[in-house]
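Presented below, as structure tokens, is a lone chain in the form predicted alone.
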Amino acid sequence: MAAKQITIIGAGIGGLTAALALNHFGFDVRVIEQTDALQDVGAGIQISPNGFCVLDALGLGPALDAVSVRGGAVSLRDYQAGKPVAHLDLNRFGYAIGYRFFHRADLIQTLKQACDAHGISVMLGCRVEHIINDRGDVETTKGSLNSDLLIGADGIHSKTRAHILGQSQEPPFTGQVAWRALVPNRINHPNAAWVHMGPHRHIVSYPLRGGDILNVVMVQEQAKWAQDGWNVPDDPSVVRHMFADFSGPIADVLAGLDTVHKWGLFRHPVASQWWRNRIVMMGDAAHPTLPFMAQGAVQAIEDAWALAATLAKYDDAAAAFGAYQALRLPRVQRVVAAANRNAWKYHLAFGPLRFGAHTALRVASTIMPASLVRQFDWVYNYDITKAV
């Protein structure tokens, strides 16, 4: 397809990856971003093999290896004893390209540096005020911009989504609140993701930046939440009180909390239509997901390759966007549904049920460890660069 200028709204992980993918396929692309600097308040992110294969295909593998930790396992653990219930050995039964743990800022900066190296313009402090028409012309804080195509990688409060679909209803609260924090790794946490499972609650932890710090996400069921945001400061003592009965090394991690941020988890629907004329959306703008499969950013990365490849394959925007949505919609619907189901498995509160479920996990971990990992092949052992 001949497109002289493609504009991407949003310089997050999805938007920057899309810029690099489009450049890879020979398109002229620029990114506009409302913030004045690409930075993220302390947060970790997991990039599973189905996302890393895209980044590797874009030539970023070595640079990203330098700023990430390779995860060797997932350890499902009991909240009271603090001991493993089941062990998913990713080194032995996982996928060759591997799992990575990143500080989000390191991943974004590496993507931005790659954009700079390829001459891709990333315009900071450029907020979209209004999408003028279906051709993708926009009014921004830095004036009007005209494009041949407009891509919305602008998140759950997407102006692109609002333009394509019109006004939508407020998403329902899931009844779950998450807190996140970064703490020093004083417990010799291995290069693995730990999931401590308790009644109505769970904690996920994994190392970042050479293992020196830990990313910790704590989730609890809660009746009400007023804000659909993800960066609300909270008092660490509140979190320590909520998870006070969690034992073992994770208790020492909780004791070291000094700064925490919380966010309410809302169930945003997957969009039924992802494009309109010469405007298309991707990532959270099209299909927000709960964090219980660690697939939010990864599905945006898959979108980035799929969108660039279909634009390169078809002669006009409608054909490309239609093929892109047809390829991606069934997969993201399945991923979102799986994430929606996952939290309750960690939060079993009825003692006998939890005992039975954990016993089954222990047995499976002992007698068929490969199956525990490979049940997720449909998610992680998927390569969008071969699927398009």
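Not measured: the values here are computed from a predicted model. Start at 1 with the first residue shown and count on from there.
Note that the form predicted together with a small molecule isn't included here; everything after this is about it.
Trainee: Can you say which of 113-121, 70-78, 154-162, 242-250 gets within 4.5 Å of the small molecule in the predicted bound form, counting heavy atoms only?
Mentor: In short, 154-162.
Trainee: Although the partner isn't part of this model, could you tell me whether residue 206 comes within 4.5 Å of the small molecule in the predicted bound form, counting any heavy atom of the residue?
Mentor: Although the small molecule is absent here, residue 206 would touch it in the predicted bound form, with heavy atoms inside 4.5 Å.
Trainee: Residue 22 versus the small molecule, in the predicted bound form: is there a non-hydrogen atom within 4.5 Å?
Mentor: Heavy-atom contact with the small molecule at 4.5 Å: absent for residue 22.
Trainee: Heavy atoms within 4.5 Å of the small molecule in the predicted bound form: does residue 45 have any?
Mentor: Answer yes; at least one heavy atom of residue 45 falls within 4.5 Å of the small molecule in the predicted bound form.
Trainee: Would residue 180 count as a contact of the small molecule in the predicted bound form, using a 4.5 angstroms cut-off between non-hydrogen atoms?
Mentor: Heavy-atom contact with the small molecule at 4.5 Å: present for residue 180.
Trainee: Could you check which residue among 104, 87, 267, 278 gets a heavy atom within 4.5 Å of the small molecule in the predicted bound form?
Mentor: Of the candidates 104, 87, 267, 278, 104 is the one lying within 4.5 Å of the small molecule in the predicted bound form.
Trainee: Name the single residue among 149, 193, 298, 309 that comes within 4.5 Å of the small molecule in the predicted bound form, judging by heavy atoms.
Mentor: It is 298.
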